[in-house]
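Single chain ahead, by itself, as structure tokens, in the form predicted on its own.
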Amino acid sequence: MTYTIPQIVVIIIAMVLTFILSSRKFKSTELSMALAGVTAVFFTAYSGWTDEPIRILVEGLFTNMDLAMTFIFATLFIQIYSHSGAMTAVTRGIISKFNSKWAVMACMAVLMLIPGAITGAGSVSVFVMGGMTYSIVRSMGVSEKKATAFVFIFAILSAAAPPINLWTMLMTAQANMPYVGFELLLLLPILITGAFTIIYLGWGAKRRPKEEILAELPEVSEKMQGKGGMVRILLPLVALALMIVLTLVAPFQMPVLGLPLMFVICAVIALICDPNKMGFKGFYKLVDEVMEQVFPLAATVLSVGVLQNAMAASGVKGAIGTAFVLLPFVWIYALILIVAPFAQGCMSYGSAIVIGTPLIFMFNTAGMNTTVVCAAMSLMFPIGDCLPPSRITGRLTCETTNYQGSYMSFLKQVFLPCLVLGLLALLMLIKPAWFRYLI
């Protein structure tokens, strides 16, 4: 049995109405997405398309379980790491060493890029570096809104940066393409956007005196100073980087640990390195705080999984992708900067499969360089990490920085840097031949 276009349109309308009504009633994005998925599954079961609606929902619930576990254990690791005073020590060291505001912001930008680049998840950059980056950028005289935008922009840039770009990996796997030649194609637009972001957000900010900034920072334990302190600070981070690098350079010799277990190992190392030893009660309280902090985000990614699976089972997912690629080229160019980010907001990494892969085949039939096309779309999708309904990285950034303004004000602040990234990606998509030398 296959669905007709009118049936799919009815399902889409029903899902949208369910999401809107649930959002007004329950004030919960996570629950609203899950209920929209349940609505789609109800239609599939009612029409006889499937006799296992519960299986569809349960499978969807586990689609992003690994990502939810990564969020939980990454947060646990960074909270233990912060409890040791390592974050404070690093912050004081950067403030003391650099006198230029631009040098400090550039340094923090590079540090923000590293965690996401080696994991493929911008949320990991927010977990590992977000809090420290925010506090240091704020000390440079940057406003709360601009500092929050700084963390978000470099978080999504880190997700798109090589060597690990999950959107590119998904699209190349689906299109049977080799995952090679993307390094410079991705890195050049990221560097241009990053430089623009630093200037745009830092312009007009006046750095406060170094002594005044250091006086406001918490004091660092003597055990976190000197060579011994440097070991305590670096050991958990080096262990994380080492495990990730080994999985890349020696995949057959290195056991498959996965990011959640890696963060657990690093959390244990950070606990051992912590000079401020915490008892069982202290550790239990910290875990409780972590779960309260990360639960909304974990619920979001699980709900997105339910929604994705329901859309696939009901035919909505395939209909959206097919309808988009059947448009004339001019309309694709006109709509891609809107459709791709919002698809990411709705389907997370599934957007690369629903929209990205069909577009690769379409551009390939037109004789265009598919490596450049794939890289271009991989730069567009991360922009949607601040868009509803999921808002994964945007929401996490606001929670990490304790942003007090409205979410709409946050979106307005990140709009221009995101537009620069999007326009660079659009240029690559329209004129892929111009960028062949970067492969």
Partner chain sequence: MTLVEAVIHYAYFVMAGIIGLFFLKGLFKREKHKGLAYDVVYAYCIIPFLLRILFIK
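Nothing here was measured: the structure is a model prediction, and the numbers come from that model. Numbering follows the first chain given and starts at 1.
The same protein also exists as the form predicted together with its partner chain; that form is not shown, yet it is the one meant from here on.
- This chain appears without its partner; in the predicted bound form, the one residue of 231, 184, 335, 257 with a heavy atom within 4.5 Å of its partner chain is 257.
- Of the candidates 267, 175, 302, 104, 302 is the one whose heavy atoms come within 4.5 Å of its partner chain in the predicted bound form; the others do not.
- Although the partner is absent here, residue 203 lies well away from its partner chain in the predicted bound form, with no heavy atom inside 4.5 Å.
- Shown alone here, residue 198 lies farther than 4.5 Å from its partner chain in the predicted bound form, counting heavy atoms only.
- With a 4.5 Å cutoff on heavy atoms, residue 292 counts as touching its partner chain in the predicted bound form.
- The shortest heavy atom separation between residue 296 and its partner chain in the predicted bound form is within 4.5 Å.
- Heavy atoms within 4.5 Å of its partner chain in the predicted bound form are found in one stretch of 155 to 163, 245 to 253, 359 to 367, 88 to 96, which is 245 to 253.
- Within 4.5 Å of its partner chain in the predicted bound form, a heavy atom is found for every one of 26, 61 and 65.
- Contact residues in stretch 17 to 47 (any heavy atom within 4.5 Å of its partner chain, taken in the predicted bound form) are 26, 28, 30, 31, 34.
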